[in-house]
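Below, in structure tokens: the form predicted on its own, a single chain.
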Amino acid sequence: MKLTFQKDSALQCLTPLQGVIGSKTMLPILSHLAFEVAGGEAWVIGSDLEMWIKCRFPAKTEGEGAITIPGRRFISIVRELPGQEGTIEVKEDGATVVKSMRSYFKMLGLAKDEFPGQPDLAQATETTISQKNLVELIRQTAYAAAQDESRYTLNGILISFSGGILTAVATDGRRLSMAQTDCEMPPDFKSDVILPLKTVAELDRVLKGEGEVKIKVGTHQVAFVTPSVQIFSRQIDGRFPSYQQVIPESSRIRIPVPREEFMASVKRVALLASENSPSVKLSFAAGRVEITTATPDVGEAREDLNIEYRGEDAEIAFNPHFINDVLKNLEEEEFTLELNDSDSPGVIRTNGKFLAIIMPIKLA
């Protein structure tokens, strides 16, 4: 079995696999990459038993077969090859030889049958969504997921399929983000999947925003399939909180706000906010919003911003990082901030397919 490849193209395929190659693992095979060559196509696979990433390896193939080779060493070798063209050849003794110009590397791998097989999702329900829309949903929600591992059902994104709509939701208990988009699915299909944050990060890294991605939903696993890459992942077991209950049914005050100007103002004022418990106060009046912070032993900051608002005066305080996490992942020129009072959650909405909820900070 022999593969002839171009260095830059090979690295584009191999780079996403680094996230699932174990450097310190109880199972030596998990530090390896598996190559499968059949029908003139070559695929390379990495796994940590929680996730499998399978990439089409761009190469001219001779023969067929399957091998495993030490993953990080192999990627480092390809990255440092002196020429643009290289070859991978499996010798009769099972060793793998990589060559490029005057460079020669011989590596010993493990038996391919030791490599963990990817989940069988032949009976899974299949849906289809554009890669661009899926990446957008991920970026608009992932930042709100909990980092505390004790709350394992919140350590990921809920992906909910229903009525031709895919809904993504993440929350850490202090904030919540929800985004929706159209998705091709069977008419009566309904399912909730909690994706681990590691899987979410790899999807964001791998998907290029062109073409479609097929989502295969099984009982305990889910797969994301494009012509050049496939990601298989376990689902987080457990029940995601009933997030609909925290979305306010109505709002007393609705304020249109220019996104970029407001985001920049909050970022500047937050430079003097407390590092341990950052807070900025928003004071709304006709035609303006005043953004302020005051930190003992540090100082205070204030900035005024003109806005198209003619409603009643209102004020509320938020963590500025929570505000900017939301706004930097939106593209709309304007958003609507919905309030009831200074002690109730604030809601950020855009075009009806996105909302974020941020718990307020008690005003001094």
Partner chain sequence: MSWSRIRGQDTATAFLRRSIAAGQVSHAYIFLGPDGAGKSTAGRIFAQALLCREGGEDPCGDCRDCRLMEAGSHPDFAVFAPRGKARLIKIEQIMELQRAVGLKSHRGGRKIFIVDEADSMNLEASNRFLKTLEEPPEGTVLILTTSRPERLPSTVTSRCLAVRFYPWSFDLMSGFLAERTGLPESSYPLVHRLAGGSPGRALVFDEDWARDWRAEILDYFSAGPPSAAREIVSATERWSGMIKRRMDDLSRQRKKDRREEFAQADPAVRDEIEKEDQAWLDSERRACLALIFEYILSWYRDLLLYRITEREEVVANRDRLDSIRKAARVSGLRRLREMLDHAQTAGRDLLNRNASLPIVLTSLLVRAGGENK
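Just so it is clear, the structure is predicted and the values come from calculations on it, not from any experiment. Positions refer to the first chain, counted from 1.
Another form exists, predicted together with its partner chain; not displayed. Remarks below refer to it.
- Taking Q230, Q235, T167, T293 one by one, only a single residue has any non-hydrogen atom within 4.5 Å of its partner chain in the predicted bound form, and it is Q235.
- Among the residues S265, T226, Q221, T181, the one placing a heavy atom within 4.5 Å of its partner chain in the predicted bound form is Q221.
- Though the partner is left out of this view, Q245 does not reach within 4.5 Å of its partner chain in the predicted bound form, counting heavy atoms only.
- Although the partner is absent here, E210 sits far enough away that none of its heavy atoms falls within 4.5 Å of its partner chain in the predicted bound form.
- By the criterion of a heavy atom within 4.5 Å, E50 is counted among the residues contacting its partner chain in the predicted bound form.
- With a 4.5 Å cutoff on heavy atoms, P196 counts as touching its partner chain in the predicted bound form.
- Although the partner is absent from the chain shown here, I29, P119 and Y152 each have a heavy atom within 4.5 Å of its partner chain in the predicted bound form.
- Looking at 42-50, 62-70, 330-338, 316-324, the stretch with residues near its partner chain in the predicted bound form, meaning non-hydrogen atoms within 4.5 angstroms, turns out to be 42-50.
- Contacts with its partner chain in the predicted bound form, taken as any heavy atom within 4.5 Å, map within 98-116 to D113, E114, F115, P116.
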